[in-house]
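Presented as structure tokens, the chain that follows is alone, the form predicted on its own.
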């Protein structure tokens, strides 16, 4: 393996989480090597890019973590854009959650964070919204980032500018370890040869594949299918977050439509008629006029999920091996705070007591209780 520095900290996974952590650690002067099998399969290229702790109705510790990350995202993005020269497409556009009646709206977990909308106001925010939606909540603080076309590329370039070394086409086959310590990885390189690389620090952020390297963390894939349609420019400004379907409008009129949630699919690749039919039905239920807009692209990916649908962030059972995985539907939202807190842990920097306490809620050991 042609690494530029002796004993770099290894990032096992080149998706959004891996790139964000690599960038954060590189800013602190650490020598970083990212080992990635195929970055294009990462969930960061698949997600819609919603920044929606309130619109998604998160609660308790996950809501707190999401709010902390949302607060940090503008500065995080500014740094990435400065280092890369690429705009990330960040927009605090607000998100509308429609409801069939006031009772459903008032029972929403984050109702107190939103502005209540009547039917007339709902139509003004989302022209053409289906008639059955009588009320809604507008979450002004929530927004989006164009992860698929802009953020991921910006992060890659920012990492390169900071001296991060990339090994693409590398499959990590297993961790080298004893009962207590991480000692390196065995890999298959792009030419198909097996190599061993020794090191004493790494971050496991292999998304839905993380469990294949460390069995004690119960991460499994949840397949999601998505598509995009081309609407008129400025057809609507707000994201529409409906039950089971969301519409995310980009500045150029492209609308990202997602997403199925297929827990039984495992790692089965490809689009399915049932999944695509569900997305089309979702479009019709929210914005019937969008049925006439041309389809542009269809894709799928695998979200990393845990049994409690909460992420795993922090140390592992092995000295030197850190964890950042299992972010499920909120990887884009939580990338900034995950990288910040994990980098502080790795570099032995002080963490605020309330943040340390919150981080403890996402430790892997909760699954041993």
Ligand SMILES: Cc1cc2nc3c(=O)[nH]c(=O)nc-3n(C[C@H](O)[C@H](O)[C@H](O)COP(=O)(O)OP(=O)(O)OC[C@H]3O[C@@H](n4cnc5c(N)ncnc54)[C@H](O)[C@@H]3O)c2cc1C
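Because the structure is predicted, anything quoted here is derived from the model rather than measured. Positions refer to the first chain, counted from 1.
What follows is about the form predicted in complex with the ligand, which we do not show.
Taking 4.5 Å between heavy atoms as the contact cutoff, choose which of 32, 312, 339, 42 touches the ligand in the model of the complex.
Contact residue from the list: 42.
Residue among 161, 171, 121, 195 with a heavy atom within 4.5 Å of the ligand in the model of the complex
Going through each option in turn, the one that passes is 171.
Given a 4.5 Å cut-off on heavy atoms, tell me which of 331-339, 315-323, 22-30, 57-65 is the interface stretch with the ligand in the model of the complex.
Heavy-atom contact with the partner occurs in 331-339.
Contact of residue 283 with the ligand in the model of the complex (heavy atom, 4.5 Å):
No, no contact at 4.5 Å.
Is there any non-hydrogen atom of residue 69 lying within 4.5 Å of the ligand in the model of the complex?
Output for residue 69 is no: heavy atoms all beyond 4.5 Å of the ligand.
Answer for residue 213 alone: is it within 4.5 Å of the ligand in the model of the complex, judged on heavy atom distances?
Looking in the model of the complex, residue contacts with the ligand include residue 213, since a heavy atom lies within 4.5 Å.
Partner contact for residue 139 in the model of the complex: the ligand, 4.5 angstroms, heavy atom:
Residue-level check for residue 139: no, no contact with the ligand.
Partner contacts for 266-304, taking the ligand in the model of the complex and a 4.5 Å heavy atom cut-off
In sequence order, 301, 302, 303, 304 come within 4.5 Å of the partner.
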